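A single chain comes next, written as structure tokens; it is the form predicted alone.
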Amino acid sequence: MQLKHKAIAGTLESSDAQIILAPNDGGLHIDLTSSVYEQYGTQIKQLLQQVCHRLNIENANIRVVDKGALDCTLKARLETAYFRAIDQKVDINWEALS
């Protein structure tokens, strides 16, 4: 589904991440700032790309400010931003996302 507008999910608190998802016509671009970038930057980007693939997000700018969030938190933040960006608030198949 096409992103309709920019959306945000998460916080800048410790052990969380803030993700801003915006429409983009030029493919998928991930901008990651992380307190654990040296150790986990590549893994975080791979996780975000997997979630994008599963949600069929092909054209988006994704800005991530990670404060040491777990994978499950990063996944949840991106999914939340996605559903906000497409204005889907009901009838979300959460089981299909696991």
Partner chain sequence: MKNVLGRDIPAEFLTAGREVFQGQYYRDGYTYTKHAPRVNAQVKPGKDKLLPDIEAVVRATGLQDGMTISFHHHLRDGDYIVNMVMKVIHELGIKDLTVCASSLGKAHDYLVPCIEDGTVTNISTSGIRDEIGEAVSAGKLKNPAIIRSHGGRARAIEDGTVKIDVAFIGAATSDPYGNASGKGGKADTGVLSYMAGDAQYADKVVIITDTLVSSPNFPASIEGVDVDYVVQVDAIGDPHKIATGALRLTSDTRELLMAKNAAKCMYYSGFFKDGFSFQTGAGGPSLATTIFLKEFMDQANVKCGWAMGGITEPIVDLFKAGYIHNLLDDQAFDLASVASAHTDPKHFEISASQYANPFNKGAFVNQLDFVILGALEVDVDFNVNVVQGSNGLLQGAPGGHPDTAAGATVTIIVAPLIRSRIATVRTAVTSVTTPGESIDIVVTDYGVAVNPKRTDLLAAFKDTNIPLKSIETLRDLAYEYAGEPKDIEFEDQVVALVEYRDGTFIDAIKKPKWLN
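Note that the structure is predicted; figures quoted are calculated from it, not measured. Residue numbers count along the first chain shown, from 1.
This protein has a second form, the form predicted in complex with its partner chain, left out of what is shown; the following refers to that one.
- Among heavy atoms of D31, none comes within 4.5 Å of its partner chain in the model of the complex.
- Proximity of I44 to its partner chain in the model of the complex falls within the 4.5 Å heavy atom cutoff.
- Its partner chain is not shown here, but in the model of the complex it comes within 4.5 Å of a heavy atom of D71.
- Its partner chain is not drawn, but in the model of the complex it has a heavy atom within 4.5 Å of K67.
- Along 18 to 45, a non-hydrogen atom within 4.5 Å of its partner chain in the model of the complex is carried by V36, E38, Q39, Y40, T42, Q43, I44, in order along the sequence.
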